[in-house]
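Next up: just one chain, as structure tokens, the form predicted alone.
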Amino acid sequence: MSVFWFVSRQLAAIEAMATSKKVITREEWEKRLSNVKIRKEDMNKLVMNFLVTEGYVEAAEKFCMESGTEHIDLATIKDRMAVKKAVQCGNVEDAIERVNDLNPEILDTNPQLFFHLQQQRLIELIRKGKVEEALEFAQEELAPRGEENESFLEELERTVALLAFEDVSNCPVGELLDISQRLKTASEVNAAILTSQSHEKDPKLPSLLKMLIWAQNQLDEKAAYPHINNLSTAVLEDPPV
């Protein structure tokens, strides 16, 4: 909560600063911050936005009860997290079925997402050493899409290149077999589901933290003042003497 509190106050402080660089004491800085009022309701909505977007179901449920924020449909979060977890575990077929159960239009209207899910299915087949099945799947399911979209064809060619190397550590596209590739696909699916449910696909918190860093960098040119150097604690540290 303290991070959010300071973000708004630091931004307000920038507008109040003179153009000449000066030293601002902790007492003066905290006084400036205290003059900016943030409604608790807005802070609660910000926290809830993060919990819902990132899929922290139990935390969202508990926070909703304790803070009295607007009730949310926790079932939709659980369904979305089930899809995300399926992709992260390599169970892409299960993920596709779950997405279609949620809303068939998500994949029907997003050919790029569907291709990436099918590409991930191909990667999982290659990971398991099912070469013949992988080649057949690539030819029947992905090649026709590649003919319609040049970028899809390039991604397909990169993926099939994995089959040319017995030792994937020497393969120039070996990163496709990394867990990070699963996470990338899972995040794309998560964002698409959120959009279909009229939710923001990204939480506001990371943007606010980036804004905080930007604000401090801008203010550094004008003044020496108490900084937040550790975002995890949001503790103000006195400026160097």
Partner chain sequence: MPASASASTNRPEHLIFRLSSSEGEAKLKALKEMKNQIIGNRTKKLSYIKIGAVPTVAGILASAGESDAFLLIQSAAVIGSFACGVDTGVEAVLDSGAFPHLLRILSNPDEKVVDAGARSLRMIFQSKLAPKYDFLQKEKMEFLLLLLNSENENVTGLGASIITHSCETSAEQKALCGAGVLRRLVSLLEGSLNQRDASLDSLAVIVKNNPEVISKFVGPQSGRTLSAITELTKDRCPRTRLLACTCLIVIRNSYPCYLQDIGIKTKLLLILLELLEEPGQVGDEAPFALANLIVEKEDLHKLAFEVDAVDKLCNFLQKVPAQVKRFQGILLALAELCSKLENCRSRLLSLQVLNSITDALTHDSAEVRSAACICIRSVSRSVKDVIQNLSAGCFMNEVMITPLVQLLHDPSTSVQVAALGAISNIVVDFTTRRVTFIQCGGVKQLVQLSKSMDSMLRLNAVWALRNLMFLADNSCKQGIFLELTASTLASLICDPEPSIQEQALALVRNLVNGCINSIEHVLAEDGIILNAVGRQLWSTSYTEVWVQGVYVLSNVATGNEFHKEAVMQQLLPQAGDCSQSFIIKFLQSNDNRLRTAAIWCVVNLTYPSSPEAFSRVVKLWNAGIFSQIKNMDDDPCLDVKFRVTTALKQLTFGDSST
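It should be emphasised that the depicted structure is a prediction, and the values quoted were computed from it without experimental measurement. Numbering follows the first chain given and starts at 1.
Omitted from view is the form predicted in complex with the partner chain, to which the following refers.
Annotated contact segment (heavy atom within 4.5 Å of the partner chain in the predicted bound form): 197-205, selected among 35-43, 197-205, 180-188, 61-69. Although the partner is absent here, Arg145 lies within 4.5 Å of the partner chain in the predicted bound form, judged by heavy atoms.
Heavy atoms of Ala138 never reach within 4.5 Å of the partner chain in the predicted bound form, leaving it off the interface. None of the heavy atoms of Asn91 is located within 4.5 Å of the partner chain in the predicted bound form. Taking non-hydrogen atoms only, Glu157 never approaches the partner chain to within 4.5 angstroms in the predicted bound form.
Annotation for 111-142: interface residues with the partner chain in the predicted bound form are Phe114, Glu132, Glu133, Glu136, Glu141 [heavy atom within 4.5 Å].
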